[in-house]
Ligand SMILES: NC(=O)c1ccc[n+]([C@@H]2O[C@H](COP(=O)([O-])OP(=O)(O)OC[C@H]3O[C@@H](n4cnc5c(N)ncnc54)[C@H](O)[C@@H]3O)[C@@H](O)[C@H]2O)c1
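Let's start with one chain on its own, the form predicted on its own, as structure tokens.
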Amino acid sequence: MKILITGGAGFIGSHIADAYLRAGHDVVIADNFGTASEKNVPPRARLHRVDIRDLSLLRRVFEAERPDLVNHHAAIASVAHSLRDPTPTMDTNVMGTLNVAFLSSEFGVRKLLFASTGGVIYGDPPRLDLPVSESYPRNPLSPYALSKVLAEDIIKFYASRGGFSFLVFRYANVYGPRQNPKGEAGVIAIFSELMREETRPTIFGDGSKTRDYVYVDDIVSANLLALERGENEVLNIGLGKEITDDRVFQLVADEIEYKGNPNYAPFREGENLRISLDASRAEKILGWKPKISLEEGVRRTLRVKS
């Protein structure tokens, strides 16, 4: 199968590209290298340096490659960035997705896989509603979350008219090797980098804020299963557990043998106070279950050179 991965040189996309190549597929990567790294590109993948916001250049990729399946991971993934200036996030995540979905319809793509968010898309559910299922109302708290809501709807629109099927993944907080420690997302990568520099990491809030997490290898397994299973579905992908910021800090500190304490700063606008995802539908549709606990995932992440 020929697979086009947008954002395939990034953290998550590059791991998926590696796995697709190992499975014997023909992999094409489209990336503008805004936050990605050339060292993440597998040697056997064909690379197109293109921004998904540029419809004419992206069309040339579709014309040249004629992919059977598109795996769409290209995005700007930062709540804080979207609050400071929403335009780049909306341009990339909404208009870029529009271009990908439109061309997938035009060029007869069989299936489109899309990386959405399972955190901020649900807003701040009360504790009694956790873990949330895919039927829980979408309630975006930031322009980033809104961009994913709109992107999901764009994909559904073009799928209904373009003849391709879709699978939307609502990821929990993804972590693992290759994650950029200099970005605004990816708390495990950020904490570990600062601790190794003997710099105190900052926790926004009082440490009780919760997130759900998923190791990148579990993300890869979902994207492998989705090549043959699941049609016109939205699926949560996560551990289904609330994990506090303080717990994440301590796990990373224990692994690195960091003895310091975190700084605490005010809660940031646009972020959840608590979230966890019910991924039972992914098990039903794909046969997917997370295999890597947070404790094991942190060990693997910090013992591998990114």
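Just count from 1 along the sequence shown to find any residue number. Since this is a predicted model, take the numbers as computed values, not measurements.
If you look for the form predicted in complex with this ligand, you will not find it shown, but the lines that follow are about it.
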Heavy atom to heavy atom, is F33 within 4.5 Å of this ligand in the model of the complex?
yes
Does R211 reach this ligand in the model of the complex if we count a contact as any heavy atom within 4.5 Å?
no
I'd like to know if L286 sits close to this ligand in the model of the complex, meaning any non-hydrogen atom pair within 4.5 angstroms.
no
Would you classify N223 as touching this ligand in the model of the complex, given a 4.5 Å non-hydrogen atom cut-off?
no
Among S104, S116, S192, S82, just one has a heavy atom within 4.5 Å of this ligand in the model of the complex, namely S116
Assert contact residue (this ligand, in the model of the complex, non-hydrogen atom within 4.5 Å, options Y215, Y144, Y158, F166) equals Y144
Heavy atoms within 4.5 Å of this ligand in the model of the complex: which stretch in 105-113, 122-130, 202-210, 67-75 meets that?
67-75
In the model of the complex: members of 48-62 within 4.5 Å of this ligand, any heavy atom:
V50, D51, I52, R53
